[in-house]
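In the block that follows, a single chain appears as structure tokens, in the form predicted on its own.
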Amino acid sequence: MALRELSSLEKFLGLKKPNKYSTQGDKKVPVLQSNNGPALVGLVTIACHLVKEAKRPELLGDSAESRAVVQQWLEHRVTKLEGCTKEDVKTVLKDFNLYLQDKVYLAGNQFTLADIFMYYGIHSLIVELAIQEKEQYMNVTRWFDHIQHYPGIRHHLPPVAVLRNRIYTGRHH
């Protein structure tokens, strides 16, 4: 999955020459062998490298605080979402829902790499939820729907219906 995410990130960033990736270990940690240095290991390390290569530093945050928030969410993505058990899903989504209560994006009002990789990370969780369950996490589904419609993000992932269409009667309640 991580290799597809990195490939989608490359497309989003408009990088012309696709990189060649490999994986290492049982957890299939992505590895990028660069031409002029040591191999880069790990989803977050490689993703940050690609953003810098594409000269899109705003995706890493526009202030020291927002850069720290982006890094925090990227770490959260790798440590909490990778291998998330069914029992963990509700806790992860509940905490995420609470965090997004007053935010448009993870690092405040700016779309960042954290939004991209958290979207990729929770996509499979959201797909598995019934509409009623999605309604319990309104802030997550609002954010998720917004990110999935962000231009160029959803390369390898199918769209997900996140909210039920409400049918209103002619009467006012």
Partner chain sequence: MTLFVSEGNPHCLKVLAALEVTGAKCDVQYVNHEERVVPFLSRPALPALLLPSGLHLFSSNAICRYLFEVNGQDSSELCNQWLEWETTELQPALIHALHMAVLQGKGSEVSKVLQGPLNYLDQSLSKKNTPYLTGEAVSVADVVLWAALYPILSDSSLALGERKSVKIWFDHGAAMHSLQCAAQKVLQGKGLQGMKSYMQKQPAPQSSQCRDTQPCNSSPA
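Source: prediction; values computed, not measured. Numbering follows the first chain given and starts at 1.
Quick note: we don't show the form predicted together with its partner chain, though the next part is all about it.
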With a 4.5 Å heavy atom cut-off, would you call Leu43 a contact of its partner chain in the predicted complex?
-> yes
With heavy atoms only and a cut-off of 4.5 Å, decide whether Val69 touches its partner chain in the predicted complex.
-> yes
Considering only heavy atoms, tell me if Lys27 and its partner chain come within 4.5 Å of each other in the predicted complex.
-> yes
Touches its partner chain in the predicted complex: His49 (any heavy atom, 4.5 Å) | yes
Give, in sequence order, every residue of 69-87 that has a heavy atom within 4.5 Å of its partner chain in the predicted complex, or say none if there are no such residues.
-> Val69, Gln71, Gln72, Trp73, Glu75, His76, Val78, Thr79, Leu81, Glu82, Gly83, Cys84, Thr85, Lys86
